[in-house]
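Listed next as structure tokens is one chain, alone, in the form predicted alone.
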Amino acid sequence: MNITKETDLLIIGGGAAGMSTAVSAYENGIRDILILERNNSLGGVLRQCIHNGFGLHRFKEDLTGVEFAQRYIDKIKEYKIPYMLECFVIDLSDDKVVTCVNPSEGLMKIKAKAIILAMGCRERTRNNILIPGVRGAGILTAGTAQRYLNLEGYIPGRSVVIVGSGDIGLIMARQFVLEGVEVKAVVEIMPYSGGLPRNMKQCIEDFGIPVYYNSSVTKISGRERVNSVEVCRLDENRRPIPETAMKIDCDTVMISAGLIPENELTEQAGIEMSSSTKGAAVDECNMTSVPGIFSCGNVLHVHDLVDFVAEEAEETAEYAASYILGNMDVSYSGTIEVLNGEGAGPVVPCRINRNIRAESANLMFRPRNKYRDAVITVKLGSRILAEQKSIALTPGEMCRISVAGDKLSGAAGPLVVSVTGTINN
């Protein structure tokens, strides 16, 4: 099939990351931009987020998710940036050609000078976390429950057990209570919550909802619909302890057990993947192993706040614009590998160009435990390149630390990011 369209910048995904990159690219001199979005409107999951807490960092205002999305939609319309809705991308090649289809245009091949991957992520389902038991009605993810309640207008159940303590699930727990639904418990496999501390406080503790840590749902019972679950404590190897089993009556099980980046297209293009982050292996400009293809937002690594998704996306678009305009040297004299050390989860980026193109390398990761009086350290061999102290760190929040570019230029050997402090589980 011949090329149907050509564009300077093609953005796959019209959620927070995709919209932010489009606006930033336009403001950095790129005019030939096209956004591909598979839903029937821009905004992604923000369209169903009617709670506030968005925009505090990016806009210095307390917005709902819908209002946050509208800020970018308004800019896209003001700049007359084109976008195609109900557009499904079915192939991405390493020569920056995308094959896609939508109802009005049919099958298309689009050639781009640069591509930004902004496909976001999806929720883990009951099948992903292997909960045994019946397969009746009343088992759904937190995002699906949010959509039912906020967009479709009906309540999916009357008594709910929440599996996992991801942020969407915590927020939905509060909304359920306010709608008159009984939230029986939150069951978390880890010894700490996977959500933001503020969501645990405002959505769980303030409403007196029981939380069972180091525990798992080991059975779902019922016939046509869920009527109860069995919950067990776990031993040090995360195996259920049978004598701790307890039954909780409920008609709904809501899964809030984390997110999976939507990287099928990334892998299809033969782009190098990171075994630790499960996203694309990118450098400090968020460029992948294929020159001219960039990745950002939740498809690269799952963020804690949409504000930081937008911030990362805007920076990525600046580099993509530089690439399109011919101002970026994509030749490598080699790379510095970035590794996670003691106490630190997978780090993005996972490599840095020795001839660093940015003023600084901004490193992001999640701590592996809850810490107090913590110190984040970035080392090159025995030399400390950056150090940052924090009163408290939790796995629900991203850590960010910058290393000045002049400290990295021409450096050899891996960077190691680590966390020390008092573990506070």
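What you are looking at is a predicted structure, and each value in this text was computed from that prediction instead of being measured. We number the residues from 1 along the sequence you see.
Absent from the display: the form predicted together with a small molecule. The rest refers to it.
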Is the small molecule close enough to Gly164, Cys203 and Gly396 in the predicted complex that each of the three has a heavy atom within 4.5 Å of it?
-> no
None of Ile33, Leu46, Leu363, Val378 but one has a heavy atom within 4.5 Å of the small molecule in the predicted complex; the exception is Leu46
Work out which of Glu182, Asp304, Glu311, Glu318 lies within 4.5 Å of the small molecule in the predicted complex, going by heavy atoms.
-> Asp304
So in the predicted complex, does Leu10 come within 4.5 Å of the small molecule, heavy atom to heavy atom?
-> no
Taking the shortest heavy atom distance, is Arg198 within 4.5 Å of the small molecule in the predicted complex?
-> yes
According to a 4.5 angstroms non-hydrogen atom cut-off, is Asn298 in contact with the small molecule in the predicted complex?
-> yes
Arg368: touches the small molecule in the predicted complex, heavy atom cutoff 4.5 angstroms = no
Counting only heavy atoms and a 4.5 Å cutoff, which of 209-217, 228-236, 86-94, 282-290 contacts the small molecule in the predicted complex?
-> 86-94
